[in-house]
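The data below hold one chain only, encoded as structure tokens and taken in the form predicted on its own.
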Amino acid sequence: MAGRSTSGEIAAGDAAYARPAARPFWRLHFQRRITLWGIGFVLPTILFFAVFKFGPMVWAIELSFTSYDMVSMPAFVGLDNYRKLLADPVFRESLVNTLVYIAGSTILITVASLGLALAINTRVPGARYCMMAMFLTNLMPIIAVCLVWRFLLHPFGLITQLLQPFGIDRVDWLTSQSTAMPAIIAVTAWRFAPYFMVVFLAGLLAIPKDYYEAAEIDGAGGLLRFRHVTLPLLLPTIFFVVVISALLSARIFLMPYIMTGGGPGNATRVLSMLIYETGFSYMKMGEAAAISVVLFAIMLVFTMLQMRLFMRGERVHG
């Protein structure tokens, strides 16, 4: 009996020795540790966006269905805020102004920045120094830009003085409904075009020279090379510039607010100004949130359309 029990104990000991030791719960697998380290590094950024970006967005959407004056508790009113906006002529005029401003600024910024990048890419003497000088405009504070251009566009300012030799005595750039919005669009392009010029220049430098050499051998001139080589290969960059410049234009506030105050009349009042005035001047935060939701929806639809057109262009040129 003793020998039998001893042999059984030896067999049980061998089996226990053959089994791998149980891993303690605090010693994780290598892949699991890598995953947890990655989550740990990304978690602060996720929390930051959740608290300061996506959280306020969700709260604004919720607030748009309430009546809230920042004093009493929000009261649910359903779609009344959106019905008021549809019946408000100031909102409709501001919506049209915003769409005109987005379209005009985006087109002018894209064309001007692409033209500047093409001019710099010719590598004429002094081109790099001109690029540095132009890019300095993008480093100026937006308030300083607005104040300087408000002085330059005065009816008796420097711009009018420069136009006098051409028979133009006085132009009310910022006080006329026909010129106020074009003037602000031009200043916006002057402010942001140098930044996107650098983006376009990076895209031009990334195009292989072999394509231009092959097109030149085939007898293509400068315009044909630009049309059939440069533009197709710059489509991703053009898409980026269009979308980002449109987003910047949609959120613009200080430029029309400082230069014209939304006037003359409501000629330069955009949705961002209307949001500020409705929320903080008239204490109607529910209606202001509804306007912000409308602005967000406009930009979302615009971005989706741009992405659809871009993907279609990629399939055509692919």
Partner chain sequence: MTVLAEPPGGRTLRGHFNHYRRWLGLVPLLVLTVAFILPILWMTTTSFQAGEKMFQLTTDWIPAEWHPENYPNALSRAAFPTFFLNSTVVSVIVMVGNVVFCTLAGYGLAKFRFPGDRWVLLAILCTLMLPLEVTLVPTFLVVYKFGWLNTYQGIAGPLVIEAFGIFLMRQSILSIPSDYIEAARIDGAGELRILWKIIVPQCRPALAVLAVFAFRDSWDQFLWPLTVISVNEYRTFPLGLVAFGEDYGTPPTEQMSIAVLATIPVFLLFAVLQRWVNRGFGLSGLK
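Residue numbers count along the first chain shown, from 1. As the structure is a prediction and not an experimental result, all values here were calculated from the model. Heads up, when I say rigid core I mean the largest set of C-alphas that superpose within 1.5 Å between the two forms.
What comes next is about the form predicted in complex with its partner chain, which is not displayed.
Just one of Leu163, Ala214, Leu147, Ile107 comes within 4.5 Å of its partner chain in the model of the complex, counting any heavy atom, and that one is Leu147. Between its partner chain and the residues Ile207, Leu231, Ala133, Val96, the one pair within 4.5 Å by heavy atoms in the model of the complex involves Ala133. Its partner chain is not drawn, but in the model of the complex it has a heavy atom within 4.5 Å of Ala119. For the chain shown alone, Phe151 is a contact residue for its partner chain in the model of the complex, at least one non-hydrogen atom being within 4.5 angstroms.
Contact check for Ile143: a heavy atom falls within 4.5 Å of its partner chain in the model of the complex.
Among heavy atoms of Gly219, none comes within 4.5 Å of its partner chain in the model of the complex. Applying a 4.5 Å heavy atom cutoff to its partner chain in the model of the complex picks out Pro44, Thr45, Ile46, Phe48, Phe49, Val51, Phe52, Lys53, Phe54, Pro56, Met57, Trp59, Ala60, Leu63, Tyr68, Met70 from 44 to 77, in order along the sequence. Core-superposed comparison between this form and the one not shown: the C-alpha position of Leu305 differs by no less than 2 Å.
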